[in-house]
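Before any questions on how it binds or moves, here is one chain, the form predicted alone, in structure tokens.
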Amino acid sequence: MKVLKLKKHYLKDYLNVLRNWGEVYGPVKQEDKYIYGLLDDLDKLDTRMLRTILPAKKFLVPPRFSTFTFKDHSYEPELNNLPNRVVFGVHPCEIHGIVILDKFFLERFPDPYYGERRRRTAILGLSCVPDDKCFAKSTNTHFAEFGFDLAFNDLDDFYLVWVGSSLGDDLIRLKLELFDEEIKQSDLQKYMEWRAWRDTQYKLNLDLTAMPDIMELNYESPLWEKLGDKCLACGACSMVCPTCPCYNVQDQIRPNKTEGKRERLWDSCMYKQFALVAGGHNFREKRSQRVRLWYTHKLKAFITEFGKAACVGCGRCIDTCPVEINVKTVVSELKGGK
């Protein structure tokens, strides 16, 4: 994998050049939170961001979008005119989240809408230092070796930049003169020292050993009723999670009843109507059942199906749930409060 060096004061110059390829997004502060915002003004960029409200999945699976329009007896897929986008500042744990979505939407259930957006979206990673809600080291998602086009590692006055794809190489060549192709041993040594230091900064460490077995043995645990009583069924955990793939489909039909559009929008298995079927039967009417399903998916089912957990340790569920139902508290309860 090719590695280059970029002096920090060249970053905005480089991002400005990337506008020749597509729209450029990055971390922008919004009151006391962060979002991935359009960098129409590069002075908005704030690289101190640790986590955005919504994950980068919003660029690949938008919260709401039209899949096709229909009229009389014909339809027109809305796959054309999708813009190229550069998303800068994606942290390693979120890159792992995108890799999980790739497995889901490109391999297991091929989705042309996801595939086209993925092809048109350049992922530019950025290193980070954890806070007390981040546990990416516990999920082994605190560094990324693939799943990105470029990855920027912040080493004080310069970035070491890993090129992770042919698209990444093309993007580098848009302004190659900004990059130093001669990497010194001292640069690599500085990176290794930074990485060792960063790994000591994790304040939250969760032992996820044998979690699929623990989940299986606790399937009928009264813990789920306890959590169900607390849960607000608001679905916020699904909205902020980088790996939740569920969506609903709705037809918007105009008054003439012969034309309209079909939309997809984010959905959550925490909603009461999620498992409601024709005839009024609901497979998971109780909140306890829905909480159990969510955590079974994150900590058990995805591991047995794909070989890794569907939790990347970003801490968004900890930051978001108003009643403190999150991976940290659930794992602790499953292990007897230890």
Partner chain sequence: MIKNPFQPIPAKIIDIIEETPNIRTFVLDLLGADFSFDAGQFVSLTVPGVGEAPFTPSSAPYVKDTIEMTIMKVGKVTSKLFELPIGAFVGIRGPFGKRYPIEKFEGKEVLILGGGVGLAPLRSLFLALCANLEKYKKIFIKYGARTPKDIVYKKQLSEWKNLKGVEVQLTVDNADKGWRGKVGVVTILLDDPKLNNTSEMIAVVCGPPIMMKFGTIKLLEKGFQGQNIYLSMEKNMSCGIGQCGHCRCGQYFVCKDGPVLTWEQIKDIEDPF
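In this text, all values refer to a predicted model and were calculated from it rather than measured experimentally. Numbering follows the first chain given and starts at 1.
Although it is not shown, the form predicted together with its partner chain is what the next lines describe.
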{"item": "Its partner chain in the predicted bound form reached by all of Pro110, Asp267 and Leu276, non-hydrogen atom within 4.5 Å", "value": "yes"}
{"item": "Its partner chain contact at Arg51 in the predicted bound form, heavy atom, 4.5 Å", "value": "no"}
{"item": "Close approach of Ala301 to its partner chain in the predicted bound form, 4.5 Å, heavy atom", "value": "yes"}
{"item": "Close approach of His281 to its partner chain in the predicted bound form, 4.5 Å, heavy atom", "value": "yes"}
{"item": "is_contact(Glu116, its partner chain) in the predicted bound form, heavy atom dist at most 4.5 Å", "value": "yes"}
{"item": "The unique member of Asp229, Glu145, Asp251, Glu181 whose heavy atoms fall within 4.5 Å of its partner chain in the predicted bound form", "value": "Asp251"}
{"item": "Pro130, Pro245, Pro92, Gly168 - the one with a heavy atom within 4.5 Å of its partner chain in the predicted bound form", "value": "Pro245"}
{"item": "Answer range among 39-47, 26-34, 281-289, 307-315 for contact with its partner chain, defined in the predicted bound form as heavy atoms within 4.5 Å", "value": "281-289"}
{"item": "Any residue of 55-85 that, in the predicted bound form, places a heavy atom within 4.5 Å of its partner chain", "value": "Phe68, Phe70, Asp72, His73, Tyr75, Pro77, Leu79"}
